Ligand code: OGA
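In structure tokens, the next block holds one chain alone, the form predicted on its own.
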């Protein structure tokens, strides 16, 4: 049996007793799926995995996305493995330096949406013994649970529009960004999409708010005034400190989080000369909604 230790108030657990460089057993996979349904954010410490092994682990839980903005920031031979880093080699950046630096849910702008992120920490910036570049999370199941009954009823049949360009344009405003405006081809690859504002989690059955600050631009089917009012309320509600969990990275961590009931934010509190290097896989939410996934979670 895996050793699963909760590490946050509602989100977060540490899983020990497994080597992710090796194929998962049926029992291990079932326990991990159950843990996602209970804790959302799972840390597998002290892992030594190469890009192929990381990709093999991630593919156990769904198909992998090749990120529309990854460009050449991928591991050679593994386009599904994106490189996130502020390291410069031979005058060139080896990875995307400012990934995820505001509250968002990955791939909410896509159809299908995402299930998991799988990040492997190769280098973690440390200053005075304190790790930098933490990743923060928000519990959207708890945020839904706390809504007044009349708001829950109002949201039940509503959808919202998610647009990749919203987050990208905000990042372009930041001083020193390496990003360029999206090309017409990139915009065409990820046009705006609509999703229900309330999502039912396929493993736990709990309801979650799926109204990500970074990508949602409007509530569909209502006036602009009503949309603006509702989004202002939801965004403020979701960002309360009581829903937050902060992961402090250690080199070797493989951190996986469930995008179906979390938002996250990468904290940029490190300098350019303090190296940070991560490898990232994005698991889409195709398999997890299938009968096979439900069966696997109870194996």
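Residue numbers count along the first chain shown, from 1. What you see is a predicted model, and the numbers here were worked out from it, not measured in a lab.
Only in words, not in the display: the form predicted together with the ligand, which the text now covers.
Annotated contact segment (heavy atom within 4.5 Å of the ligand in the predicted bound form): 100 to 108, selected among 100 to 108, 193 to 201, 148 to 156, 220 to 228.
Residue contact check for residue 117: one or more of its heavy atoms lie within 4.5 Å of the ligand in the predicted bound form. Though the partner is left out of this view, residue 261 does not reach within 4.5 Å of the ligand in the predicted bound form, counting heavy atoms only. Residue 84 belongs to the set of residues with a heavy atom inside 4.5 Å of the ligand in the predicted bound form. For the chain shown alone, residue 74 is not a contact residue for the ligand in the predicted bound form, no non-hydrogen atom being within 4.5 angstroms. When the ligand is considered in the predicted bound form, only one residue from 56, 30, 49, 266 comes within 4.5 Å through any heavy atom, namely 266. This chain is displayed alone, yet in the predicted bound form one of 161, 165, 135, 186 has a heavy atom within 4.5 Å of the ligand; that residue is 135. Proximity of 206, 210 and 237 to the ligand in the predicted bound form is absent: no residue of the three has a non-hydrogen atom within 4.5 angstroms. For the partner-free chain shown, 266, 276, 280 of 266 to 293 come within 4.5 angstroms of the ligand in the predicted bound form, judged by any non-hydrogen atom.
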